[in-house]
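The chain below stands alone, shown as structure tokens; this is the form predicted on its own.
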Amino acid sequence: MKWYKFGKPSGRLIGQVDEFIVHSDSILEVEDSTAVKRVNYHKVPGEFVFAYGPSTGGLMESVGFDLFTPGELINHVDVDPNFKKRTLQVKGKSVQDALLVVERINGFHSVSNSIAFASAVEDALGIEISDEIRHTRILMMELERIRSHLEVVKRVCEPAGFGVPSNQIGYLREEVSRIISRATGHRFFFSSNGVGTVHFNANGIVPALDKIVNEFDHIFRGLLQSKIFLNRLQNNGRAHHPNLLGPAARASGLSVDARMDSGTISYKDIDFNPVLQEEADSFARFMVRSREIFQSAEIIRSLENVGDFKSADISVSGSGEGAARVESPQGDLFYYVNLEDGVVEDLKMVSPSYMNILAFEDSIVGNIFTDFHFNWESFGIWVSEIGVEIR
């Protein structure tokens, strides 16, 4: 493995899957341990448990919350994402067939998952990609980041009853999906990435994207002028968890970004610095994602050498193990593969959403239920990336 090694913990904690505890620079194999201990909370006299979810108004995905409260103040919350648990048959499949499953784990983050998986396979087989493929993949991931962040900002608007900006942002999100569809033939990037290959037509993307970003800028400025909206976000859900990932980490002042410290998809020749906020609350997470929409558009504009790019498909064969880590819209996304004659013998995926759920559980303590939805949505957690059992 080029970028990873087994051994002692090295670098920041990314998460755990099965016997693997993953850090930014290493993988630790353990038999019976957990990377992060969850709070073992016991109900105290005067409290009751208010169960919210797994299927109810205000929740996009199936997820259950047990809120411990004496009536209004939230003293503790347990989040159970396993209502959407899925078993995916991948082991024993060819790399090409496994990729069809991987890119469908979460449609909104399909390209992040497919690039991380393909990069892990390339690492296992010693396949080097060209700068043209690397730049095209960067463009694709930044386009996905824009769409994902628009969805989160839209969802933050909904609990405030802001139907107009919510629908306007939903329209812009749809326009990004149409750009993706024209460029790849599918609105969720399906079949646009492969091992050592990429199929993407970037012609005409920048003018269409500029129109979307300019419209979002107008909506964004309007939201910042709404005292009602700001009051619901500011000081709501402060999160200073040490293992935050992605935009939630950057909203608490942590310069945490796989685009900076992962060798998988290097941003070395792109003028890029993470967007940071210090407040660590729902407003800061809203601000980071909004500002990253503009930043991602700038990165896409800088990739002037990317046009209609279709690399030849290659035959995938050989054995080896590889690992890769990319910055998905939610944070560090890690894949490990073990191949035997081009067949997947083992596959492990670590999503950033689990670590951010732990941070959400800490952040909600001391808030009230009417603050709950703003806080939950501001983390941008995708339950579909957590409840995945790979067999």
Partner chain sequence: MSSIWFLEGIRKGRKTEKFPKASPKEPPLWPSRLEGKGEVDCPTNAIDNNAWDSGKCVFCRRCEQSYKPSLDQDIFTVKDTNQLFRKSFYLYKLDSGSCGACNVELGTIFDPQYDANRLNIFTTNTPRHADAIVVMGVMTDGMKEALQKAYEAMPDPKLIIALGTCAISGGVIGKSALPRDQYNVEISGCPPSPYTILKAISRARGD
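Numbering follows the first chain given and starts at 1. Keep in mind the model is a prediction, meaning the values are calculated, not measured.
Keep in mind the form predicted together with the partner chain is missing from the figure; the text below concerns it.
Site annotation in the model of the complex: the residue of 78, 215, 261, 321 reaching within 4.5 Å of the partner chain with a heavy atom is 215. None of 194, 170, 159, 274 but one reaches within 4.5 angstroms of the partner chain in the model of the complex through a heavy atom, and that residue is 170. Highlighted residues 3, 20 and 127: none comes within 4.5 Å of the partner chain in the model of the complex, counting any heavy atom. Stretch-level contact analysis of 275-283, 82-90, 119-127, 240-248 against the partner chain in the model of the complex, using heavy atoms and a 4.5 Å limit, identifies 82-90. Remark: residue 234 does not count among the residues lining the partner chain in the model of the complex, judged by a heavy atom distance of 4.5 Å or less. Residue 61 belongs to the set of residues with a heavy atom inside 4.5 Å of the partner chain in the model of the complex. The partner chain in the model of the complex is not approached by residue 137, whose heavy atoms all lie more than 4.5 angstroms from it.
Within 4.5 Å of some heavy atom of the partner chain in the model of the complex lies at least one heavy atom of residue 96. Of the residues in 186-200, those that come within 4.5 Å of the partner chain in the model of the complex through at least one heavy atom are, in sequence order, 186, 187, 188, 190, 191, 199.
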